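Shown here is one chain on its own, the form predicted on its own, set out as structure tokens.
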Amino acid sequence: MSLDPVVLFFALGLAAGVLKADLRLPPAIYEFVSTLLLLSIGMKGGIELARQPAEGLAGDLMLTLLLGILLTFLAFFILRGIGRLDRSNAAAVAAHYGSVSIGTFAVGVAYLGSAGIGYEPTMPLLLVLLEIPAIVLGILLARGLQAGSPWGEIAREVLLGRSVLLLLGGLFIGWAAGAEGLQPMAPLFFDLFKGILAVFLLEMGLIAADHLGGFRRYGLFMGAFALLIPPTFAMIGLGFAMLMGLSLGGAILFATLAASASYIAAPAAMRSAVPEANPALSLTAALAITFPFNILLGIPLYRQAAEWLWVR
């Protein structure tokens, strides 16, 4: 079976970055492409959400919040107990791994689309919800409930951050306008989705290559952590998907979310709330190792595991 072309775009960017080739997207193009991706994902979810009743949604939301808390705690105790990281760095890395990767989710959506597998329309909403508990808990683990913490700034970063705002905004637009209302915009936001994703992953490959050198300073533990945590968390995600009664496609996406690590919302929040943590440690693990593992090997593995559990 041939590789998905969008994965090959990531491989091209990674190879170009490693070889120090003269290749880099202008920052404005990267911002534009990522904005289109976030809005597209949100609007697709909103369109489907408008078509179906939201019965039982409260239970799914509560389980999603519980999953985010559980994954963050697990990552923190592994990093502190086995990796012996200091409290601030362990909390910052745990926040990244308890949170989610928008890019990984987009690849998962494209993967399911190529395979003709449907999924629940609420998945973009669950994606946004998973951002919040990990970031808040990461800050609490790093600082504790201290007087004088800039909670107003933290809340603004989490709830009004670019990625969360665009996803929620797209979800509302898709729900309010519906498929017919958004039909004139379909060529840009929906028909070109996979091409836009390919350009985004090209830049992600270049960025990942920039962070590969971080592991020269932090040893083998973070490399093992970044490779072993995704499949472990994916299996936990599949367990939660079973409790939620998700379809096969929904379970694959939920496992993918659980396995992913944030490199947009969590880094921004940690920079402002836990400035003493070293961002290179989190970004190297999340972007240079976990992200490539998930899009190259992880998502097909999570599909196989979900099919074994759902079809047997």
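Start at 1 with the first residue shown and count on from there. Bear in mind that the values here come from a model prediction, so they are computed numbers and not experimental data.
The discussion below concerns the form predicted together with a further copy of the same chain, not included here.
Quick check: do Phe293, Ile299 and Trp308 each get a heavy atom within 4.5 Å of a further copy of the same chain in the predicted bound form?
Answer is no for this spot.
Residues in which of 118 to 126, 132 to 140, 168 to 176, 68 to 76 have heavy atoms within 4.5 Å of a further copy of the same chain in the predicted bound form?
Of the options, only 168 to 176 has residues within 4.5 Å of the partner.
Quick one: is Leu243 in contact with a further copy of the same chain in the predicted bound form, heavy atoms, 4.5 Å cut-off?
It does not: once a further copy of the same chain is placed as it appears in the predicted bound form, Leu243 has no heavy atom within 4.5 Å of it.
Would Ile29 count as a contact of a further copy of the same chain in the predicted bound form, using a 4.5 angstroms cut-off between non-hydrogen atoms?
Judged by the heavy-atom cut-off of 4.5 Å, Ile29 is in contact with a further copy of the same chain in the predicted bound form.
Is Phe189 close to a further copy of the same chain in the predicted bound form, meaning a heavy atom pair under 4.5 Å apart or at it?
Within the cut-off, so yes.
Can Arg162 be called a contact residue for a further copy of the same chain in the predicted bound form at 4.5 Å between heavy atoms?
Because a heavy atom of Arg162 falls inside 4.5 Å of a further copy of the same chain in the predicted bound form, the answer is yes.
Using a 4.5 Å heavy atom cutoff, which residues in 115 to 137 contact a further copy of the same chain in the predicted bound form? It's fine if the answer is none.
Read in sequence order, no residue approaches a further copy of the same chain (within 4.5 Å, in the predicted bound form).
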